[in-house]
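In structure tokens, one chain follows: the form predicted alone.
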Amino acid sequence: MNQPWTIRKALFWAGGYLQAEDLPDHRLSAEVLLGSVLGLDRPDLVVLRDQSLDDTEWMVFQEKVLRRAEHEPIAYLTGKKEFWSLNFQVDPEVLIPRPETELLVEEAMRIFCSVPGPKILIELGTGSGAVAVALAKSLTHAEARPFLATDISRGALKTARENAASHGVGKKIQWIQGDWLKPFSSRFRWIDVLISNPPYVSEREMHHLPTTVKRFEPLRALFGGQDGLDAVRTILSQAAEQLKIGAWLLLEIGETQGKRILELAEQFHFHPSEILRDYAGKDRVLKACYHG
């Protein structure tokens, strides 16, 4: 009779298999994937290392390891990713939230706290809803009316709605399917804060992205045209028609795009504007005030 697969044996097999497939984080991947299958934290795997897996657990774990060997992101394999100290559901319809995007949340909160009274905020291209949900959890009703969040993908909006509901802020956010600001009328200026993490990867940069990114994450959320700035130009143009005078725009950008984006912002009457750096010291966010 075959000996049962214990946690110890399963991790040994998975770590060796992933190492042979040149996964640099083979041990971490094995532990995270097995933990997700068993509903255990990584320290629990050590304590319970002699616990046996049943047939279903072993089969599910094998399948996830084989997919990880093809460089599929761990977040898609586990179905979740942490952002702003909150767990978010993720799937291939949405970009996996990155830590550097938390800078958008931080700056939006600074703006809300520095200007009195309720404000209208819109997030464009919400994806998993991580930014909008993090803000809805952090800001009070006195600081903001219900947020508006858009995405062109119906699947992404479904994921975002589920994330908002799971964090208890479903009623604070209105979800709208559409391409950037096109769903809204531009007959008058009405927006106080506009935020977005648009696609900004250039054609040249696409070729150098890690396999785990360019093969599995949604291309429409990554590729920003030949120079990476197609979506940025569109947002700047549309925002200039709908932002209030003195309203703020926050855009995540690529680390080499700061100078060019400041020039574009000036062309569309955004000033003062500045490029904020992330904790790695890289250009990361355009913060611009609409002057009109």
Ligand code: GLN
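Residues carry their position along the shown sequence, with the first being 1. Source: prediction; values computed, not measured.
As for the form predicted in complex with this ligand, it is not shown, yet the points below apply to it.
- In the predicted bound form, at least one heavy atom of residue 98 sits within 4.5 Å of this ligand.
- Of the heavy atoms in residue 221, some are within 4.5 Å of this ligand in the predicted bound form.
- Remark: residue 197 counts among the residues lining this ligand in the predicted bound form, judged by a heavy atom distance of 4.5 Å or less.
- When contacts are judged by a 4.5 Å heavy atom cut-off, residue 252 counts as touching this ligand in the predicted bound form.
- Between this ligand and the residues 103, 111, 74, 213, the one pair within 4.5 Å by heavy atoms in the predicted bound form involves 213.
- This chain is displayed alone, yet in the predicted bound form one of 120, 86, 152, 201 has a heavy atom within 4.5 Å of this ligand; that residue is 201.
- In plain terms, the part of the chain that comes close to this ligand in the predicted bound form, with a heavy atom within 4.5 Å, is 90-98 out of 131-139, 90-98, 182-190, 159-167.
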